[in-house]
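The chain below stands alone, shown as C-alpha cells; this is the form predicted alone.
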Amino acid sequence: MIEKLKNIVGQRWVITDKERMIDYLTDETATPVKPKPATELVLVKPANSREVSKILKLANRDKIPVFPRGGGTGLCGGAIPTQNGIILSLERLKGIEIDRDNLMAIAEAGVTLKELVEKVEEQGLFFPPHPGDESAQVGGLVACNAGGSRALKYGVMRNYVKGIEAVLPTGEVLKLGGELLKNNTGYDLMHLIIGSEGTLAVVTRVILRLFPRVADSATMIIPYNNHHDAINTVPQILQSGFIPLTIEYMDRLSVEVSAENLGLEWPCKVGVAYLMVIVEGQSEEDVRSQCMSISEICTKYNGLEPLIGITRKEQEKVLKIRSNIYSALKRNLIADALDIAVPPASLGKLMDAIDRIASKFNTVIPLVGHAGDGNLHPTLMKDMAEDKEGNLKKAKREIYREALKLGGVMTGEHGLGKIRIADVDIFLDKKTMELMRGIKQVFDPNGILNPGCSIKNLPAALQRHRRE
C-alpha cells in the first residue's frame, strides 16, 4: 500500500514517521472529550484532484479508511483519524483565481481563509463570511459549512458556494455548479456535500461568490447588568430597519480570561454581560447614524453607556479578545464547548435553562454566542469531566433537551464531528436517520470516508440511548 501511494504522489508526500505526523492527529476540540487517534496511519499529500482520485480508488478497493484533512481548526473531533488508515491532507492544493467580472473566487481546497481574504482584498472586493481561525482551509470550511460571527448578516459558507469539484470515495470526480447565480438542474448534490464533514466526498476546488468592499465600520460594546436585558435588546435591534454585521453575546468571565491570556485589558469596566455589535456602511456618516440608533435602543432596554471603537486598532483589539475566548478557556478550564442553536427570540429562555442546569450540577457554565442568530456556545468546565458521576454527559444531554423544547438543534455551525454523534438521538428521528444512511450508502458504499463522523454510526447511538 505505501509503495502504491508513493507511486501516486511521490515519495516525499507519503509520511509514515509519527513525529512528522503529530500535528495531523488532532484538532481544536477540548482535551477531555477529544477522540484518541489511531496508531497505524499514513499521511498522504496529493497535489491535485487526479491524485486524490487515485488514492481514493486504491483505498476503496481495499476498504481502507480515509480521513480528509484541512487546517485542523474544528471543535468536534471531525478531522481526527480514529481508525487505522490514510490521512488525506489537501494542503498542497493552493490554486486561487479572482474573477472580477463575475465577482467570484475560484480556490483549491488547501487555500487558507487568510490567503483567500488577502487575495480578494487585493482586488478591492469582499468575501463576507469569516468563520474564525484564518488558518482554516477552504475545503474544510465548505465540508463543515462553517459559520462564524458574520452569519447574522451574510449567512454561512453554504450561501457563498456556487460550484465545487469533489472526488467520490469510488474515485469519480464531480463538477457541480459553476460561476452561476442560478441553477435549478435536478437534485442539488452540491448542497448535500456542503456540510457533510468529509463523509460523502473530498472537496478539492470551490467557486465562491464575492461582493464589493464596504467603506466603513465600527464596533460597539454595550454592557448590561444581566443577560436578560442584553438578550431582550437583540430583537429590537433586528427590527430597527438595518442588520448589523455582528451581534455577539459575551459574559464578563469569558472576556476577562481571554483578555488576560492575550496580555490585554477588556476595555469595559462595568456590567456582567455584553453585546458586541459591529455595523458597516458606505460612509462614516452612515456608520455613525447606525451606532446612534443602536445606542438609543440599548438604553431603552437597560443597556449601560456603550463603548464605540471607530479606528481599526480599537476594533481589532475587541475582535481579538472575542476571537480568543475559546482558546483562552480551553487551556485550563474547558471540558467541552457546545454549539446549540435555537430561534433567536428563545435565546433568553435557553440561557435561563442553562443557569438552572449549572446550579443543579454545582458548577458555572460561561456563555458566549452569536446572539443575532440564536447560536449559543455554553462552556462546560473541567471539574465536570473529572467527577466520577458522569455529570458532564448528563449536563450535556439536559442542555440538549432544553434546546429541543425551544425548537433548537444540537449544532449550529461546528457540526457533529466524532464527539456529538452519541447524543444525536435527541434530535433526529428514526426515519431521518434512515434517509441519511441511504445517502451515505449511495455516495460511499464501502464506508471509507471519515468513519466515526459517518451517518452509519447513528443507528447504534440511537439504540444505545433508547436503552438508557
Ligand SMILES: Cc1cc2nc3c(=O)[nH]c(=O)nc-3n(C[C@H](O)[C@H](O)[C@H](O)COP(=O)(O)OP(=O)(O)OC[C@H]3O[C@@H](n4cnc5c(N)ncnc54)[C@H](O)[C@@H]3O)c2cc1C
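Computed from a predicted model, the values in this text were never measured in an experiment. Numbers for residues come from their place in the sequence shown, where the first is 1.
The form predicted together with the named molecule is left out here; the points below concern that form.
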Which of 56-64, 31-39, 413-421, 395-403 lines the interface with the named molecule in the model of the complex (heavy atom within 4.5 Å) | 413-421
Does Asp133 reach the named molecule in the model of the complex, with heavy atoms at most 4.5 Å apart?
-> yes
Closest heavy atom of Gly372 to the named molecule in the model of the complex, within 4.5 Å or not?
-> no
Thr246: heavy atom within 4.5 Å of the named molecule in the model of the complex?
-> no
The named molecule contact in the model of the complex: Pro378, any heavy atom under 4.5 Å | no
Decide yes or no: are Gly70, Ala109 and Glu197 jointly within 4.5 Å of the named molecule in the model of the complex, with each residue judged by its heavy atoms?
-> yes
Here the chain is shown alone; which of Leu347, Ala79, Ile321, Val277 has a heavy atom within 4.5 Å of the named molecule in the model of the complex?
-> Ala79
One residue of Pro169, Gly271, Pro366, Gly148 in contact with the named molecule, assessed in the model of the complex (non-hydrogen atom, 4.5 angstroms) | Gly148
Though the partner is not shown here, which residues of 191-211 have a heavy atom within 4.5 Å of the named molecule in the model of the complex?
-> Glu197, Gly198, Ala201, Val202, Val203
